[in-house]
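This document opens with one chain alone, in structure tokens, the form predicted alone.
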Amino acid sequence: MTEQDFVLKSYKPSVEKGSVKWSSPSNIALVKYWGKKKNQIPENPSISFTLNDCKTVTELSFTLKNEDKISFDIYFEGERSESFRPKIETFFERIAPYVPFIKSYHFKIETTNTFPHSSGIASSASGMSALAMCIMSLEKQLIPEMTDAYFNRKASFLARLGSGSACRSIEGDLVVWGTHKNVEKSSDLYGVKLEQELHDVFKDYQDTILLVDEGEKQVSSTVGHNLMHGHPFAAQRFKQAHSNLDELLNILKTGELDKFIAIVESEALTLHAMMMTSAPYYILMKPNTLKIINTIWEFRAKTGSKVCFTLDAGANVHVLYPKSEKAKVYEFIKTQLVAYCQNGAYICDAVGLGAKQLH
């Protein structure tokens, strides 16, 4: 599909008022995307586990109005939020060519997270995808004959324009974003659910998120992505991502966990290597991030566990492990890793199936 396929060409703003409510989860990339072109197009494909419990719940109330301009109020955790306004305004301006009806309505956006906003968990993926689903629910009321497949694809397309990784939160359990020769229907414009055979071990994989640093990152992801332009290792990195995704596709069928661990951990460290070799260079890992990584390696060597780690663009550590090891790894986390978390904070999650409509 092309961008033109998502342009709403004719409609009547026949719905005067109403409200819709969606929950949408965060996700954690196994093969990372780092570096993007114009209009939120990724430089390389990525694949992620959709999470289950770390999610944003958004209610969108809408009222038809006479003037033709973007108009909204936003509330976060019950309080009016001006700090979110610029990002939402930019999002609405970007998507307006595809959903022109948004200028015909005044919106009240009420949003909450199931995880603490200051916890260091990226909420842009869950937040933007939840809002995109609400907007598509309004479009569905205007265009009732819309198919579910088109609904999800356009929601992913819109979410991408708010936050690149948000396009991977619409469906689950595994989603690919970015064109890849061995993923059918893959696209740079939206995420697609991985439809291939999946080994049972990955269907209920666990993710415990260790909150190493709850503060704001010194370098935002937007700035970090831009530093990939002209990066001395960028071309090789993009090639590596294609290769790693190719290999991971086979591992997801066979369930070879040692190979899974090798790719996932290498991808996490490569992501941070790109940051450390940017110009200007920077480090988002903290000393406790490294202590957690080394403790996981020691535990794995000693016990033969299949626990591993991945990182997003920050200091926090996602501890990934099969459900069959849940009791053992949870005990390990409590006794050896929680000491490295800020205020002893961590979140237990698992693979989920994507966004859900609540009303």
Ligand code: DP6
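The first residue of the sequence shown is number 1, and the count goes up from there. Nothing here was measured: the structure is a model prediction, and the numbers come from that model.
One more form of this protein exists, namely the form predicted in complex with this ligand; it is left out here, but the text below deals with it.
- Checking S61, Q40, S305, N52 for any heavy atom within 4.5 Å of this ligand in the predicted bound form turns up a single hit: Q40.
- The contact residue chosen from Q141, S124, S81, Q240 relative to this ligand in the predicted bound form is S124, the criterion being a non-hydrogen atom within 4.5 angstroms.
- Contact between S165 and this ligand in the predicted bound form is found at the 4.5 Å heavy atom cutoff.
- Contact check for L252: no non-hydrogen atom falls within 4.5 Å of this ligand in the predicted bound form.
- Mapping the unseen interface onto this chain, H225 counts among the residues with a heavy atom inside 4.5 Å of this ligand in the predicted bound form.
- This ligand is not shown here, but in the predicted bound form it comes within 4.5 Å of a heavy atom of S221.
- Comment: 29-37 is the region of 29-37, 63-71, 327-335, 296-304 lying near this ligand in the predicted bound form, near meaning a non-hydrogen atom within 4.5 Å.
- Contact residues in stretch 307-336 (any heavy atom within 4.5 Å of this ligand, taken in the predicted bound form) are D312, A313.
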